[in-house]
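In structure tokens, the next block holds one chain alone, the form predicted on its own.
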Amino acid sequence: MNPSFKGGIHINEHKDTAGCAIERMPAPSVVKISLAQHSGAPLRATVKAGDHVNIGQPIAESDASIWCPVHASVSGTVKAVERIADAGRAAPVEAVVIENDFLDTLDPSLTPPPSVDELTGEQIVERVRAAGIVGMGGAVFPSYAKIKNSTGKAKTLLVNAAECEPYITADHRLMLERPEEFLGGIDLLMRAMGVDNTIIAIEDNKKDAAALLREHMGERKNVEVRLLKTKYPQGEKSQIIYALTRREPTHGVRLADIGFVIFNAGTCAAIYRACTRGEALTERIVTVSGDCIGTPKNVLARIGTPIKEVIEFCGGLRETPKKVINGGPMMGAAQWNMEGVITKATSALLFLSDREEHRNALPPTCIRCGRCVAHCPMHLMPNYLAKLAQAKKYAECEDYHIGDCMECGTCSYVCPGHMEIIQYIRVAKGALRARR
């Protein structure tokens, strides 16, 4: 039996787009590029209305110690710098609005190196930074900073290709269709950090991807593919490490300090393109699915593409959805309207009817069954955290290690009383962040 972790749940996978090849979306006539696309404070625009920009041109900067550039995803004219709604953040964020001239003029700021094989670790880090690459599994932490922080400490690179959230198949299709980009990015990461070996962790519902990668492994003796049991949330860093090594990361200890560093599959491919072709992160693969979308697909979309145009490209809506989710159904962010856009963090867009809810009309209540405790993959007490959050006793939440919660949503999913436990926890974490 393939290894797994303690806790978690088996849920309907809904991997309806696993057989859908990636389709490149036509570039939209207007893009709205958010300046808050990495963890940390938003950037400030370096362009203004009337400026002409090229694809891959940096359009924002920051004075922070760790930040990640944002680039134009089309060539054309800046129409405005305005605030837009962002489902991933509590308040509207600044965005650069660009009218596409459809010339696809590339910016000369990022150019491919004369020889990829001669790139030093420092040069790889700089190219990753200049390309604006972030963790594309959802964390959106600047990748160059993770590489620098792990160099000299991490001995094993773990590649998270589990893709455990229901519906999402973007990484699955990436591995099937672009294995050389994926494996090439791993080679560059290993060189940059000086790690000894790599383990590619894939859930056993993607055996075709695992087999294909093994075929393309070539002379890579220190890279192996490991199948893990399909279970949610297998893709979280602590769960992957436990499943592979039976080691549980100690509370408060960084992974690099115990010899590991984790990168997402999409991030590896983006690093390869940045270092070999000089490409900035201006587009990404997005799974478009749900029972309300006309034709579920995996699309390659420009950053800043309006959701409305994604819907049109996927055959429109069969019916008005009850929920539109940016990301997966467990950890994604609900959209409050259709005005959102594709960002670096958008792994999926889901359009779900009320038939997908499976909830009754009774008011939510805790019946003290303990299911949330039994299934919590971080071995926390979600019931206590929710009660303390309801009472606004946020300081006491820290006594129950609320900071260790990865917000996977397992507690809410298994709750027979339909308590939105994870929402209470998010409110408490937000209040604690505000106090700091």
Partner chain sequence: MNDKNTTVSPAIPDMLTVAHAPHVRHKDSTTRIMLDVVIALIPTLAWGTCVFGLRAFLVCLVCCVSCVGFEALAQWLMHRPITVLDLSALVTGLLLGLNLPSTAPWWMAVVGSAFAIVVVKQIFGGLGHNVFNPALAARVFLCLAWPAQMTFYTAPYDRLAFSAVDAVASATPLASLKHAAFPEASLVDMLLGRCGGTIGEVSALLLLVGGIYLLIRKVITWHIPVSFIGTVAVLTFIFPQTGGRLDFMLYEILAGGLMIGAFFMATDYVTSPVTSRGRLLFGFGCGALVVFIRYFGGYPEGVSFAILIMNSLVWYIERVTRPRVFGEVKKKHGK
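Because the structure is a prediction, the values reported are computed rather than measured. Residue numbers count along the first chain shown, from 1. Just so we're on the same page, rigid core means the largest C-alpha set that superposes within 1.5 Å between forms.
Beyond the structure shown, there is the form predicted together with the partner chain, which is absent from this document and is the topic of what follows.
Although the partner is absent from the chain shown here, 239, 332 and 404 each have a heavy atom within 4.5 Å of the partner chain in the predicted complex.
Proximity to the partner chain in the predicted complex, defined as a heavy atom within 4.5 Å, singles out one entry of 277, 83, 322, 216, which is 322. For the residues 115, 250, 120, 111, the 4.5 Å heavy atom test against the partner chain in the predicted complex is passed only by 250. The stretch from 393 to 401, 23 to 31, 60 to 68, 42 to 50 that comes within 4.5 Å of the partner chain in the predicted complex, counting heavy atoms only, is 393 to 401.
Taking the partner from elsewhere, residue 316 is found to have a heavy atom lying within 4.5 Å of the partner chain in the predicted complex.
Although the partner is absent from this view, residue 308 contacts the partner chain in the predicted complex, with a non-hydrogen atom inside 4.5 angstroms. In the predicted complex, the partner chain stays beyond 4.5 Å of every heavy atom belonging to residue 16. By the criterion of a heavy atom within 4.5 Å, residue 245 is excluded from the residues contacting the partner chain in the predicted complex.
Residues are counted as partner-facing when one of their heavy atoms sits within 4.5 Å of the partner chain in the predicted complex; in 410 to 436 these are 412, 413, 414, 415, 416, 417, 418, 419, 420, 422, 423, 426, in sequence order. After superposition on the rigid core, the Cα atom of residue 20 is displaced by less than 2 Å between this form and the one not shown.
Relative to the superposed rigid core, residue 427 undergoes a CA displacement of at least 2 Å between this form and the one not shown.
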